[in-house]
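Read the single chain below, which is given as structure tokens and is the form predicted alone.
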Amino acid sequence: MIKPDERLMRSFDWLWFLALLALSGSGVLAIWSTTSSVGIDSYFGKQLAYLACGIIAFAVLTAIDYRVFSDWIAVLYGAGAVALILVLLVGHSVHGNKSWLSLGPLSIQPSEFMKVLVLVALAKYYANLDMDHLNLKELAIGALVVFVPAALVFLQGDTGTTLTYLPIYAVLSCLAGIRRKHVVALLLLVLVSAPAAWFFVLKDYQKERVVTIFNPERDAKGVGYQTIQSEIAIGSGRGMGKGLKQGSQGSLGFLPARHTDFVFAVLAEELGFVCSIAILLLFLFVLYRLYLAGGEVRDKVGALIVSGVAALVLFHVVINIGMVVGLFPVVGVPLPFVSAGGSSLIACFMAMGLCMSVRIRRYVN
């Protein structure tokens, strides 16, 4: 007789998992191609170690029933909030953002993991509400769940990561049943608050990034430098690319943040348009699998978790590639699974592990 766990694991989506590995592998390949060292302390060696940790986290969360995880989310959410506060008190800065905590030889970015916890916390809260439409009270509580941690991240100076909390609230609130009048009210609030944010919240360098989108040449050696070099890299790759380690912008160091924010430009330069389309198709495939898993699961919390993860991945992809091609300002949003960085990579695999847990238990009451 087949054990229950074996029956569940027969529902494991290997194609989905292989797509995640392919995306992660493309990032490792880009890091190897643009660096000279392959030691354990190099970007390449660290990314391989992060990838191994991410796969382990994925396996653990796949094996755990997502409903058990959601039942403990209040404790985990509280721990994550404490970590964000500790960052403000004793954290250290990287590239001007005080977003990191040191744990011995390791450094972690709690804001990346907190996105996953916020998503599950909001999904759990909305799923427990026995109503077809959310009232203002429920919307306000949901906003507190999301935007209190987002405010702590903003205080760290990390505007890009702060923005990634927005789709969590927007998508889950819509799926939980938001009324049309509340949507209109929220849109009006955004329109009214946008000018105030421009004058009183955004710093001068952040305003300059927004203005430079429309004309990078106005500050070609300053704010517009990254965008110009990224566009050169993508355009010079053409159809098939220049070959690994043959790209001028990436390998010679003309393109800043080539391991992180602009890794897509490196792949486009060295492996061409074909590779760029392949990466986009892999993301599309992952989103399609998430769509199927969310549509088949029988309980609300599982559907909301999968939908929230899909929204988060899509937002990251759109913003990151928009930055790379010059459509959006450079705000430091990584490309999921591809950009270098341990916290982001492990958090992405954690989110996917939760979604795989939903998939393999989608018919279990």
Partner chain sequence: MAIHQDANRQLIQQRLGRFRWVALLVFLTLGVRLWQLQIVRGDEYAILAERNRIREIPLVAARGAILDRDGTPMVDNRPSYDVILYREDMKDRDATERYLVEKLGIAPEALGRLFDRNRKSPLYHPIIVKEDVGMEDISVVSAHQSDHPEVKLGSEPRRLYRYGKLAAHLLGYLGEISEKELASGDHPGARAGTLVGRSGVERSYNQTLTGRDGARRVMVDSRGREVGLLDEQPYVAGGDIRLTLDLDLQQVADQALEGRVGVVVAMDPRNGEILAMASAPSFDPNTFSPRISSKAWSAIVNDPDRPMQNRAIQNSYSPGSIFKVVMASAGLHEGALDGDPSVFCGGASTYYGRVFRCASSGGHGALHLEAAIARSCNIFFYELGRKLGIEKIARHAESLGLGSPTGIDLRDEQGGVMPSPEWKERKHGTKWYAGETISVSIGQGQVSVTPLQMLRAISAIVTGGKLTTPHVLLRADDGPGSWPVTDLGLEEAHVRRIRAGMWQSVHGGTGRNADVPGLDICGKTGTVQVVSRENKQFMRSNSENHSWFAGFANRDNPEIAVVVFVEHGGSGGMAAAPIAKKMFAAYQEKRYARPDAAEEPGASTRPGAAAASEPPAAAAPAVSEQPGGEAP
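Numbering follows the first chain given and starts at 1. Owing to the predicted nature of the structure, the values given are computational and were not obtained by experimental measurement.
Omitted here: the form predicted in complex with its partner chain. The next part is about that form.
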Problem set entry | Listed range touching its partner chain, judged in the predicted complex by heavy atoms within 4.5 Å, from 113-121, 283-291, 183-191, 80-88 | 283-291
Exercise. Are any of the heavy atoms in residue 326 no more than 4.5 Å from a heavy atom of its partner chain in the predicted complex?
Worked result: yes
Exercise. Is there a heavy atom of residue 231 lying 4.5 Å or less from a heavy atom of its partner chain in the predicted complex?
Worked result: yes
Exercise. Would residue 45 count as a contact of its partner chain in the predicted complex, using a 4.5 angstroms cut-off between non-hydrogen atoms?
Worked result: no
Problem set entry | Contact test in the predicted complex: residue 259 vs its partner chain, heavy atoms, 4.5 Å | no
For this session: Report whether all of 171, 239 and 273 sit within 4.5 Å of its partner chain in the predicted complex, measuring from non-hydrogen atoms.
Result: yes
Exercise. Pick from 51, 331, 321, 29: which residue has any heavy atom within 4.5 angstroms of its partner chain in the predicted complex?
Worked result: 321
Exercise. Looking at 103, 277, 94, 151, which is the one with a non-hydrogen atom within 4.5 Å of its partner chain in the predicted complex?
Worked result: 277
Problem set entry | Interface residues of 286-311 toward its partner chain, as seen in the predicted complex [heavy atoms, 4.5 Å] | 287, 291, 294, 295, 296, 297, 298, 299, 300, 303, 304, 307
